[in-house]
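What follows is a single chain, given as structure tokens, in the form predicted on its own.
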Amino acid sequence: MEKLIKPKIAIYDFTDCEGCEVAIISLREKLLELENRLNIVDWRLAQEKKEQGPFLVSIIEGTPITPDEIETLKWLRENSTYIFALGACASLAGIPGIVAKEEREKFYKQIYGENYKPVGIDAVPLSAYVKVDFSIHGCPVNPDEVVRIIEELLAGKKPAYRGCSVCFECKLAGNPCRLVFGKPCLGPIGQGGCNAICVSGGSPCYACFGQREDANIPALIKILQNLTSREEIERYFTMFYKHMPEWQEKAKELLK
């Protein structure tokens, strides 16, 4: 009987907390089931083996901030049919992207001392350097979403985002609307898929799953301006959107 050739998958991480990869490991038995249908040949965090590409898909966590990371990312792009960004750091620059490039040297010295020689350039999304075929959003990612997207890929389908906002999932969870009660929230423009975990836990939504299609940013900003200050609105948007067109071309302009 001819041996079934399973597609090769690589999982890489750049500058990050590795929380999204830990979320994948937490799948346990489900991860083993997926591995029966694919061949994870390069995953530093979970295995010792390391095979060369080409890969069907490279799943990448973190933002590339050093020259070596940038070169590795470009190599993965050349040797992968698909590139998937894993988590907010990879897809949106995440928490590392909050610090502006011009301010990095100041913070390096403040944290590591005057003699520290930084190698980081800037924290930007993977898409700043290469084409990204799909983003598995989240901070961290929802493990069930990872399974859904990989299963769609293995079934020969083009992975798709959920057609709802975080607001829909908030209603399913029985959460009172933060905006109705005068509290800032980016839920209306945020893609669903997180099960509204932050709001359910008492925190606001910063739309870490990315912007949903047809999001009405001007309408949301108009609501937020009646609830809080310009500085607070900017803080909400720049938590994950500082390097994204959604902020630079729309929200930032509306707040002038």
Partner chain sequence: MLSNEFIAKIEGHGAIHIDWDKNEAKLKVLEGERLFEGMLEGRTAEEAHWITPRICGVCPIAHNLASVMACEDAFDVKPHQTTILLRKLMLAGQMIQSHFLHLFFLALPDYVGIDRGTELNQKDPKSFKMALILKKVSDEIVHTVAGRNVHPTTTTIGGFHKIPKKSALKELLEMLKKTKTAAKNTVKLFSGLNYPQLKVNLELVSQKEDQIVSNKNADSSSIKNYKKDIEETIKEGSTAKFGKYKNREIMVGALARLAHLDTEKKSGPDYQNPFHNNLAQAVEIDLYHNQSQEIIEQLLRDGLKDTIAPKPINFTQNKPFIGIGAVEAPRGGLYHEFHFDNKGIITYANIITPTVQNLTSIEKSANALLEQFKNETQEKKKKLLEMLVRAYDPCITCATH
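Numbering follows the first chain given and starts at 1. Note that the rigid core is defined as the largest set of C-alphas that superpose within 1.5 Å between two forms. It should be emphasised that the depicted structure is a prediction, and the values quoted were computed from it without experimental measurement.
Keep in mind that the form predicted in complex with its partner chain is not shown, yet the notes after this line are about it.
**Student:** Can any non-hydrogen atom of Ile111 be found within 4.5 angstroms of its partner chain in the model of the complex?
**Tutor:** Flag for Ile111 set to yes.
**Student:** Wondering, does Val119 line up within 4.5 Å of its partner chain in the model of the complex on heavy atoms?
**Tutor:** Residue-level check for Val119: yes, a contact with its partner chain.
**Student:** Under a 4.5 Å heavy atom criterion, is Ala85 part of the interface with its partner chain in the model of the complex?
**Tutor:** Because no heavy atom of Ala85 falls inside 4.5 Å of its partner chain in the model of the complex, the answer is no.
**Student:** How about Ile197: is it within 4.5 Å of its partner chain in the model of the complex, going by heavy atoms?
**Tutor:** Contact with its partner chain, yes.
**Student:** In the model of the complex, do Ser165, Phe168 and Asn216 all put a heavy atom within 4.5 Å of its partner chain?
**Tutor:** Checked in the model of the complex: no contact with its partner chain for any of the three.
**Student:** Give, in sequence order, every residue of 137-174 that has a heavy atom within 4.5 Å of its partner chain in the model of the complex, or say none if there are no such residues.
**Tutor:** The stretch 137-174, when checked against its partner chain in the model of the complex, contributes Cys139, Pro140 at the 4.5 Å heavy-atom cut-off.
**Student:** Once you line up the core, how about Trp75: does its CA shift reach 2 Å between this form and the one not shown?
**Tutor:** False for Trp75: its C-alpha shift is below 2 Å.
**Student:** C-alpha of Tyr112: shift of 2 angstroms or more between this form and the one not shown, rigid core aligned?
**Tutor:** It does shift by 2 Å or more.
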